[in-house]
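Below sits a lone chain in structure tokens, taken as the form predicted on its own.
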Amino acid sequence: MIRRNRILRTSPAIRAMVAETILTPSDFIAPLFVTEGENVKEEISSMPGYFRYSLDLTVQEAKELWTLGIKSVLLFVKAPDNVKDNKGTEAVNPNGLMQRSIRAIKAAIPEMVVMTDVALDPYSSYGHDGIVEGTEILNDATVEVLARMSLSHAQAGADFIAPSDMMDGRILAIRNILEENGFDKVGIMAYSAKYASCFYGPFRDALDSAPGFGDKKSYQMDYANSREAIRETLMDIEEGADIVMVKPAMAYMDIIRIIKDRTTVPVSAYHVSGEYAMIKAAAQNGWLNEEKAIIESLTSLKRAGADLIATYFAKDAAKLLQR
């Protein structure tokens, strides 16, 4: 026997020395759910251990994430029902909860990379990602609002706009409005391959944003398709995306690898709420070791090609990596 592969697995030190994939806290994007009020911390029932925070506590949470080495947060807001409509009025409000959240976090931690969700579902009386007419989600009318929404985020101090709606042409519209208004240093992280997935359920509980009728299959992608993901991603890059995203993550590692191999921009993956909830539920039932499952799943996503990982385990994983 001339080749003994197990030599390189002999000890923890040797395994660490030859590891092909290294996970670090700076790989993570931490999603934060913001709600109105003061000193509010509400656990999301379908996401054990994850919370909606009022703005004051959101800033505290962001500060803790920064001390753990996490360099980026992705903001989502829970809009009160009384501000929801079919026009996106609150989405472009310069004093809306999202805009106030951006300003507060950037004031408290200027170096933190603040990314902002751009979609209309949290603000929609219908729970859809766009303007509704009858049973149709209007593309071009929605894109116009998304562009103005993105500009309001940039004016508040956002570093990256993260459009998650999957409307056609929205990346170009956002890039144009940013350039026209002097925000040429604001980046775009496009949800380029966002699939119509059952794994988003807990997230919709978090923001009360489930569609009021039908589903989102007319704009989110069919999970049976992979070539479509390449087409969508290449178009987003051509229109001005700086980072592209695959969502969900664990059930779509093949898509992450395809996109990684076909592009030269950073690739992010969104380890979504349902994937988080499955690990939590299995761990609570004693079916697996939660800490090991967290690190293994996140390392696997990076191995598949994700340069950045948006994950609800960001804080836990950062702490585990310090051990």
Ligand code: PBG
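Residue numbers run from 1 along the displayed sequence. Model, not experiment: these values are computed from the prediction.
Quick note: we don't show the form predicted together with the named molecule, though the next part is all about it.
- Within 4.5 Å of some heavy atom of the named molecule in the model of the complex lies at least one heavy atom of residue 194.
- Among residues of the shown chain, residue 90 is not one whose heavy atoms approach the named molecule to within 4.5 Å in the model of the complex.
- The closest heavy atom approach of residue 270 to the named molecule in the model of the complex falls within 4.5 Å.
- Residue 119 belongs to the set of residues with a heavy atom inside 4.5 Å of the named molecule in the model of the complex.
- With the partner omitted from this view, the residue of 164, 233, 99, 142 that lies near the named molecule in the model of the complex is 164 [heavy atom within 4.5 Å].
- None of 250 to 258, 22 to 30, 38 to 46, 272 to 280 except one has non-hydrogen atoms within 4.5 angstroms of the named molecule in the model of the complex; the exception is 272 to 280.
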